[in-house]
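Coming up, as structure tokens: structure 1 and structure 2, two forms of one and the same protein chain.
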Structure 1
Amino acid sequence: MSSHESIPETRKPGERLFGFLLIIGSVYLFWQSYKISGFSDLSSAGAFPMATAATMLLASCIVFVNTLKLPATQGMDFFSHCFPPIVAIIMALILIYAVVLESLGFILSSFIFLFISIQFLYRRSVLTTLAISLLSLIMVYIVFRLVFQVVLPEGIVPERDIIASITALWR
């Protein structure tokens, strides 16, 4: 086994676009770090973020130029390599989840999202998927709602009334 990786001889689909987007992101980060305190002093609050962003920008440019020199890989297209159908389906589920989260509430929309996603990806029995979804949702709810007291969208489930009823049992 070799201790170093070999240099790729061909460019995969999407590498040029990714390199270009990396440069754009680096320029944006450099600009944001410049806005902290400008070039005022080497020990200023924005000096380290600017140095980091400048390093990232330089590395991005080197990677992008090297990528441009490589010939394209034959027989690979962008969508099958970078955006396969399973990724598109999960992204669509996340989009739908984000849209219905406020109206349905965290508990119901998260349960539906988890159930459909786990059933689609794990492909086990419905009872197994149901158990994993419920257990995951209970754990997430306990951590975020009860421990960290994050306010989650209530939606159509009367969450406050349920919590008040449960709390009243211990009084």
Structure 2
Amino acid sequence: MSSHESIPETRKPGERLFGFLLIIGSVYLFWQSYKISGFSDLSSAGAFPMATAATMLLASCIVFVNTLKLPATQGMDFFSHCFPPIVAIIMALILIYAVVLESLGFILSSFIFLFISIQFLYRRSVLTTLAISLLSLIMVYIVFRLVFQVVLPEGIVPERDIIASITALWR
């Protein structure tokens, strides 16, 4: 678990904008929580959400003011250190994977996702990547689909027919 990020003495690129967006978000959430039941009653449905949104607003303001005081980190660029292309590309890949998961089905979409992302991150020959992706997918499929009985989207692959014909071969 790497949630223990130490706070740098300097300000990272984009930190001020992020802090500002948190304030805007908190104001919006406070307004939304006010709309639940207003200031009607301390035990109303909206009282607790309002208190938490107000806490968020206060905390984000403190964080923003503190960030303003910090000097910018030298030699650090947002698109090469904070949000490098590798992160953006992988994010886009995951998004596409999630979009096509139901229509293409688990097997096909996962295989394509694994192949492209392993080829991109591991950078070995196409055959090696193909073998690794196939092997990983088979292992995940056996453990989660067959052993854990997790229902996964079937999509265009006639998965049940294939399993039925394989089981028929054993009989």
Partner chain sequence: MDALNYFAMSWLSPDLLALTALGTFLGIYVGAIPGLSVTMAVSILISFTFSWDVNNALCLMVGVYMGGVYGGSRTAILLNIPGAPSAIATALDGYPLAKKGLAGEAIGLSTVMSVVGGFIGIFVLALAAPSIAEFAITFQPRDYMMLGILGIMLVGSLSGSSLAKGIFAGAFGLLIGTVGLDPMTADERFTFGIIELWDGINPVAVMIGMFGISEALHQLQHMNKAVIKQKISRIIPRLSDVKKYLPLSIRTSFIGVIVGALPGTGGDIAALMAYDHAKRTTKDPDVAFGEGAKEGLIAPESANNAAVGGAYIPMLTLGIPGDAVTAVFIGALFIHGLNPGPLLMVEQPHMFWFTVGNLTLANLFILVFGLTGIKLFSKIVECPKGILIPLIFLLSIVGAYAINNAITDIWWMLAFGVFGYFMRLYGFPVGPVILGVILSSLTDENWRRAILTERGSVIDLFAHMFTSPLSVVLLMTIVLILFTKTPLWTKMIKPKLFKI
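Numbers given to residues start at 1 and step along the sequence of structure 1. Each form is matched to the other, and the largest set of C-alpha atoms that superpose within 1.5 Å is called the rigid core. Remember, predicted model here, so these are calculated numbers, not experimental data.
- Legend: structure 1 corresponds to the form predicted on its own, while structure 2 does not.
- The listed options are H81, L134, A59, V99, and the one placed at a hinge of the rigid-part motion between the two structures is H81.
- Two rigid parts account for the change between the two structures, and C-alpha superpositions put the rotation of the smaller relative to the larger at 26 degrees.
- The two forms, fitted on their core, place the C-alpha of S43 21.0 Å apart, compared between the two structures.
- Its Cα shifted by 5.7 Å, E15 is compared between the two structures on a rigid core fit.
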